[in-house]
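Single chain ahead, written as structure tokens, the form predicted on its own.
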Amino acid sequence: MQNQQRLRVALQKSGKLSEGSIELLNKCSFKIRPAKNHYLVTSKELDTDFLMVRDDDIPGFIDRGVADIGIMGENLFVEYNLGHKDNKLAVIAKLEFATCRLSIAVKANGDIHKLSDLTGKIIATSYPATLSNYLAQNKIEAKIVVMHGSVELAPKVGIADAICDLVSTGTTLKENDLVEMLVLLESEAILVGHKNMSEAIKAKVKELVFRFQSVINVRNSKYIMLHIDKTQLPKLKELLPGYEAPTILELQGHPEKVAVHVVSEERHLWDTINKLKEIGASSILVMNIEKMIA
């Protein structure tokens, strides 16, 4: 790789992965606002250049040293890894957005119901290496037809008997009278880098991952403040586990009561609030958190 100090990051130019990547980076102070026909966006933060490219070009850019790191779907990393055995890519971090799955889907009222039924059939996909590897592992002989878009139309127009494609909500499958039969791979956005980065670039990447993690840590968390009787603190700690011990402050003029501050996961938030009210919690305030530095 070239000896340089600027960090080069490959990003998807458009699409859901691009939106999620830019949102995450902007929460880390990068202020990226790519224009429609701009393929290079520079930032003073960490002296960074962002290369806005097609998503399937990202792993190749990193492998050839054109970019140091990139954000891509795990599905794309697996596909590239299977097709390029001597690549120099390494997963640096999982980013917990753009979740989806690579699945085999079949006609809703067809005669394919299980994996063995695919023997001798035709499967359309944009992920031939991943599909081929899966079929080989399960000793299924089927023909693979490679398509780069509108894969879900293949069974309807008679090109294939089944498809292997990314699924998020499943709406597109239903619209084309397809049902998800089995999942090959669970996927999310990941940060991938070149294995042979310079020490200067490694330091920048380490800082970037630290910033990412500070944002990721609070995606499903809230900052909660409330008042409660001291005698109810043991029950409150059971209902509201935090990342660390809660902050407890005695209320001035009310020695029997305390104010409690805690960071807690958002799951089942409303059920938890109702239970807190049942044990006498009052003045409950729930706030969003932008970042949390561990």
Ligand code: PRT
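Everything numeric in this text was worked out from a predicted model, so none of it was measured. One rule holds for the numbers: they count along the sequence shown, beginning at 1.
Keep in mind that the form predicted together with the named molecule is missing from the display, and what follows is about it.
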- request: Spell out, yes or no, whether the shortest heavy atom distance between R54 and the named molecule in the predicted bound form is within 4.5 Å.
  value: yes
task: Indicate whether S14 is a 4.5 Å heavy atom neighbour of the named molecule in the predicted bound form.
output: yes
- prompt: So in the predicted bound form, does any heavy atom of G73 sit within 4.5 Å of the named molecule?
  reply: yes
- request: Indicate whether the named molecule has at least one heavy atom within 4.5 Å of a heavy atom of E79 in the predicted bound form.
  value: no
query: 136 to 144, 95 to 103, 108 to 116, 195 to 203: which one contacts the named molecule in the predicted bound form at 4.5 Å, heavy atom to heavy atom?
result: 95 to 103
message: Just to make sure I understand: among 159 to 198, which residues lie within 4.5 Å of the named molecule in the predicted bound form, judging by heavy atoms?
response: D165, L166, V167, S168, T169, G170, T171, T172, S187
